[in-house]
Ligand SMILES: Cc1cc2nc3c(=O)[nH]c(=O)nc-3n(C[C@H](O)[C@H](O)[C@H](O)COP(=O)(O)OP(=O)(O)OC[C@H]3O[C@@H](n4cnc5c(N)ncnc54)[C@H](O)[C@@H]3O)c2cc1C
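The chain below stands alone, shown as structure tokens; this is the form predicted alone.
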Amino acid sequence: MGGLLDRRRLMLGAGALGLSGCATRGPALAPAPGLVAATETIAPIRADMERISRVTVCLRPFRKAGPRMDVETVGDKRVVHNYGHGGSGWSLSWGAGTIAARNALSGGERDIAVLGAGALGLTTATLLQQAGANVTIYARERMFEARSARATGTWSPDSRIAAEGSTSPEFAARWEEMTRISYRTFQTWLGLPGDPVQWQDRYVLLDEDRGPGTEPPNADPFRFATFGDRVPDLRHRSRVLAPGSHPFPVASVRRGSAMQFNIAAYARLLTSEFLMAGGRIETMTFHTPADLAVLKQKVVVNCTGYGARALWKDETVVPVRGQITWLLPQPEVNYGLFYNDVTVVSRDDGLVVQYVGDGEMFGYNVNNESVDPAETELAVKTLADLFSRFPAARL
């Protein structure tokens, strides 16, 4: 399969190298043959503007060449970079943190500073602790104020990770290493209290089942790189559901599974474990690299995400805007879906609803974290229309 429609058709499908950070794009997955005829019991989503609890916006730090993970010297500091992961920050955090920790410890220092308390900062700091280092996190914001807290929370290791054709020859292998380490680590978080990491069914819904080759040519200036073919063993197949076996009022339904993060529970547990192991978090703002001189540590790991654009004057960091509308929690809705450019992820802290646009470049280079009410209304009304057509017996 090829083309944007096919990517959308499977992006929420089984296996889920699919949705991302505060945005939602990912590689297509190979469909399993045949139809699934088992009857589906599916609770409807109560899509209503009155059920909105909040709306959040974040900017994913995209770099065409992929995340920055090199080492440089600033004054008397050895700076290890770990930022620019696009929509893959949470998903690649353990793998990226492993590489960053390895670089930080290679010189023998065991007193390490980490800049940033988001997904990458917390995981890198935890990995450094596990390696025997004394770690202090310096951050302007705590986790629940950081952009990482505004992510959709879906496993998406190559979501906006780089631009096609812009990475170094060795990047794909590094991405695979980060992906495999992260995936393996996330399996150890399954089943813990609060379900910090869990598996969830996902449905891709189409009003018409169009085949490949029916879309207009892609006019985007570039394509985002995908690397899912390097980890075929981590893919989980999706299947088409037979007509009449589900209540969705659409022409085509594909069901799969996706790994997701309940970020509120996950981030709190991660922070608690870091602090209980002797870690410290200090509030501090850095405006230029020269400000690092005030730190006592000789090794600094830079996990500032989109903030690195200003701090490091790194114009290669491009914002990719994503807006989430949060509907009140519905515990009975234990699935996610994609329909008419709208995605839903059901989490314990609410239903994550996002309009993902009609093209790969939606939100690209949009440096605006203000809420767009029209975008919210469009997303909620799209879902309201879908579930207004659910069979009455199912409501």
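Residues carry their position along the shown sequence, with the first being 1. Just so it is clear, the structure is predicted and the values come from calculations on it, not from any experiment.
The next section is about a form of this same protein that is not shown, the form predicted in complex with this ligand.
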| task | Flag this candidate site as yes only if F171, G228 and G363 all have a heavy atom within 4.5 Å of this ligand in the predicted bound form; otherwise mark no. | result | no
| Which residue, F224, F286, Y203, F248, has a heavy atom that falls within 4.5 Å of this ligand in the predicted bound form? | F286
| Heavy atom within 4.5 Å of this ligand in the predicted bound form: which of V197, L311, I181, I99? | L311
| remark: In contact with this ligand in the predicted bound form (heavy atoms, 4.5 Å), from 109-117, 237-245, 188-196, 71-79, is stretch 109-117
| Going by a heavy atom distance of 4.5 Å, is W94 a contact of this ligand in the predicted bound form? | no
| said: When the contact criterion is heavy atoms within 4.5 Å, does R147 count as touching this ligand in the predicted bound form? | reply: yes
| message | Given that this ligand is not shown alongside this chain, does G256 nevertheless sit within 4.5 Å of it in the predicted bound form, heavy atom to heavy atom? | response | no
| query | Q354: heavy atom within 4.5 Å of this ligand in the predicted bound form? | reply | yes
| remark: When this ligand is considered in the predicted bound form, the residues of 151-178 having a heavy atom within 4.5 Å of it are A151, T152, G153, T154, S156
